[in-house]
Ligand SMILES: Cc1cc2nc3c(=O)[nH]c(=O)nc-3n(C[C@H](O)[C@H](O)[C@H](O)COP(=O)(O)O)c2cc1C
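First comes one chain, alone, set out as structure tokens in the form predicted alone.
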């Protein structure tokens, strides 16, 4: 089962990063050199809406970048009782609501989902899946998503793209759900370029896709592999585990590593994860891009 999931993750990485060499952007607030014009020439009958929930502003920034590149409508989900505490307070409230099966009340959205054929839904990752206000939105509007194309995007501390997209599929069984884009909060500055790549790979923008090489064979980690892993993951607030095996490949951005990692909880329970790390060619520090936990 895990081999199938790992292969799926790798194929997604291959697919989403394939447009790197084909897309050139200006600065974070600037306009792409040819993206908007290409979009206008693609499918004018496909009306797109972006719906997002954001607590800290990170998901809002990503949602607005999607809107800038797509030139589409956008709407924000708001909780009636806002999550306005710090990280610890938010986690405590979330746990209480999950334990008590609370459906978080949200304000009505001033949009008609029936007017759109594609809906991008964005959210922060809480507990490995979408935030509770998004859960309410999906539950209340499941029927309206019937036959629509749904694209997920998320912001997170370490990961949650695959698990949250899986949960969207379960919540919207009659929609066509496209595996989403995700970015760590620590890497938000990279989002504009990565979003253009994602939109090109999923055919929402008409850009040429160039293939990337396969990962190398999986091998036991070397001392240098461990050093790169530690540089990328050592400053993260929670331990991410011990790398055991690795595969790598060259990309236009640098060398990408796919580490197989083992972790041990305080109760001695062991778990496995895949951690992706990019080591840029320009000599800047390596950074991890996503953790996929099993």
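Positions refer to the first chain, counted from 1. Here the structure is a predicted model, which means the values were calculated and not measured.
Keep in mind that the form predicted in complex with the named molecule is missing from the display, and what follows is about it.
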Could you work out which of 162, 136, 202, 185 is the residue within 4.5 angstroms of the named molecule in the predicted bound form, going by heavy atoms?
-> 185
Residue within 4.5 Å of the named molecule in the predicted bound form by heavy atom, from 58, 261, 49, 228, is 58
Partner-facing stretch of 165 to 173, 126 to 134, 143 to 151, 111 to 119, counted where any non-hydrogen atom is within 4.5 angstroms of the named molecule in the predicted bound form | 126 to 134
Residue 71 within 4.5 Å of the named molecule in the predicted bound form, heavy atoms | no
If you check in the predicted bound form, is residue 75 within 4.5 Å of the named molecule, heavy atoms only?
-> no
Any chance residue 251 has a heavy atom within 4.5 Å of the named molecule in the predicted bound form?
-> no
For residue 87, is any heavy atom within 4.5 Å of the named molecule in the predicted bound form, or not?
-> yes
Even though the named molecule is not shown here, does it sit in the predicted bound form so that 54, 94 and 158 each have a heavy atom within 4.5 Å?
-> yes
